[in-house]
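Below sits a lone chain in structure tokens, taken as the form predicted alone.
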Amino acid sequence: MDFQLSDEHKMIAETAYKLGESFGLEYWREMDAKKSFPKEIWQAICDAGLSGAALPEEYGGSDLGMFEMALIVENLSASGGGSTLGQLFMINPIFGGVTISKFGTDAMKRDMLPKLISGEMNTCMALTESNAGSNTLEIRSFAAQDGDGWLLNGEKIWITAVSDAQKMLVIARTKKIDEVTRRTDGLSMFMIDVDRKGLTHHSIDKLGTRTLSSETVFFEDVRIEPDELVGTLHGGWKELLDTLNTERIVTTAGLVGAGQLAIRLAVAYANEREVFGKTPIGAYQGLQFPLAQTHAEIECARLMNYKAAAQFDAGQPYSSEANAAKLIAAQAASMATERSMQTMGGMGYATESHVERLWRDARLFRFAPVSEEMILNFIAVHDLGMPRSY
């Protein structure tokens, strides 16, 4: 087992860090204040070839892997973006790129992948519903057969970056839940236009991750064409899991980077701030120990995430590792941002310190894109062999 990064990996990580650093913390503070999609940095990421790291070379990608994508997200996040940076990769290279490259038709790949990789197109994914939450198998949005296509009706909630997307990956039932013997049957995936008759969306005001909108989406007799089906009709559940589990990997990478950034800001402040004479507050163990603890936890999450990504790239099972990494990373990043703010005292509460944004953004990932309670359920049942409770 080799824990050393190759020279190529070091170059990828350094390239990503320097790109993120060139925009800096002030860029993100401005985007957060304006609630603006960070299109400038995303275009720079695409121009540098980083967005397509794990996507096929024939469509403009680098044909590398999820491990390289994790490295890229982690370093972009650590250089200023924080955990929100992971969401940029979630909505485009994952929801759009991974899904289409693995399950899309040849026509979809030719049309969409080059645009996603170049930054010409953004995607989003409409999965969550108010009465289903993390229980995806209970979704009620229904695509009824209509000639050679479908008519979609339903409602989704907490859908990320709809306003800035051109395409939407929609997960809907094509068989109603009372028509199937297994709840995993009857789910299908479609890639449709956001700008389409019968599709409307409204923004949700929220605490953090304000550079990417969260919206409620309504479908009223939305026409879906036959060539917009992604993967297997009625059999989309297993295919969707590859999207959701790779989503965990980029989410974790963003959290690891956010935790590293928060600790770095706290340490820099603590080593300069002097009280009670000329002793820097960083010398006090009351401040050292919490930061050291979160650093240790973030490093553990980082290594587990690398393992998940490497196993995905090798075609091996990786969901247990991806879930465990996300669980620890979300908790550690939440504590890292909290302790960074505590280290700075009043200044940690000021927007100029940047940690309040990191704190607001990281808090989301204790319950999204999957809650820590659901991850613990998964670990108990699948890894420990305990009885299923849900």
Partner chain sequence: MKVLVAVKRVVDYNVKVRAKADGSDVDLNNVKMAINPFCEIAVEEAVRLKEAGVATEVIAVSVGEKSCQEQIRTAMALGADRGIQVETDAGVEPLVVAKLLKGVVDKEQPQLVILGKQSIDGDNNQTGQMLGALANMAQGTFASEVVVDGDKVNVTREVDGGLQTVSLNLPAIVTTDLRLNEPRYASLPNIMKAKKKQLDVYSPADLGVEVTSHLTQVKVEPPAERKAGVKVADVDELIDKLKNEAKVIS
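Since the structure is predicted, the reported quantities are computational estimates derived from the model, not experimental observations. Numbering follows the first chain given and starts at 1.
Unshown form predicted together with the partner chain; subsequent notes refer to it.
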Margin query: Looking at 339-347, 43-51, 29-37, 318-326, which stretch has residues with any non-hydrogen atom within 4.5 Å of the partner chain in the model of the complex?
Written below: 43-51
Item checked: Heavy atom distance at most 4.5 Å to the partner chain in the model of the complex, all of Asn153, His201 and Ser203 -> no
Notebook entry, point to check: Can Leu364 be called a contact residue for the partner chain in the model of the complex at 4.5 Å between heavy atoms?
Noted result: no
Margin query: Can you tell me if Glu372 lies within 4.5 angstroms of the partner chain in the model of the complex, counting non-hydrogen atoms only?
Written below: no
Next item on the list: Check whether Lys18 has any heavy atom within 4.5 Å of a heavy atom of the partner chain in the model of the complex, and answer yes or no.
Entry: yes
Notebook entry, point to check: Any of the heavy atoms of His382 lying within 4.5 Å of the partner chain in the model of the complex?
Noted result: no
